[in-house]
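Next up: a single chain in C-alpha cells, the form predicted on its own.
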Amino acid sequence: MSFNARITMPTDVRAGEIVEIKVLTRHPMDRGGQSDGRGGTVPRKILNRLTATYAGEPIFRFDMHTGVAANPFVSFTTRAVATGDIVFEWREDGGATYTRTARLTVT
C-alpha cells in the first residue's frame, strides 16, 4: 500500500504561540466491497485513525471512516509549550501503522 504524508508547520515559534499544523496524506482510502474478478470482494483498506502527540502528550486524534475521501487533508492547532517532536501516527485497516515526526523548536 502506498503511503506518503506532507506535514506543514512552522519550525520555530515562541512559547505560548498557537501553531497551525496541516497534514496531507497520500492514501487511496479504498472502501472495498467491489468485485475482485475472482468471485470475491476487495476488502476495505482505509486509514482509520490519525493521532498526534507533542512532547509525549496527545494533542490530536481523528477517527476516519469510509466517507473520508482519498488523500485526506486535516488541519489543527496546538499551543507551543516546549521544544519537542510532534509524532504523527496513522493506523490502517489490517493493522499497519505509519509514523512521521516533525520537530517544533520553541524560543
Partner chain sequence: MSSVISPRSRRSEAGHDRRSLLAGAAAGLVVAALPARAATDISPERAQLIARITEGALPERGRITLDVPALVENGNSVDTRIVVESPMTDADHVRWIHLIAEKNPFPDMARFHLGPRAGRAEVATTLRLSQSQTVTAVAALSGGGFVMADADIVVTLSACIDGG
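Residue numbers count along the first chain shown, from 1. Since we're looking at a predicted model, the values are computed, not measured.
Heads up, the form predicted together with its partner chain isn't pictured, but that's what we're talking about next.
Q: Using a 4.5 Å heavy atom cut-off, are Pro28, Glu57 and His65 all in contact with its partner chain in the predicted complex?
A: Heavy-atom distance to its partner chain in the predicted complex: all three under 4.5 Å.
Q: Taking its partner chain as it sits in the predicted complex, is Ile18 in contact with it (heavy atom to heavy atom, 4.5 Å or less)?
A: Yes, contact at 4.5 Å.
Q: With the partner left out here, check for me: in the predicted complex, does some heavy atom of Thr77 sit within 4.5 Å of its partner chain?
A: Result yes; Thr77 sits at the interface with its partner chain in the predicted complex.
Q: Can you work out whether Val42 and its partner chain are in contact in the predicted complex, taking contact to mean some heavy atom pair no more than 4.5 Å apart?
A: Although its partner chain is absent here, Val42 would stay clear of it in the predicted complex, with no heavy atoms inside 4.5 Å.
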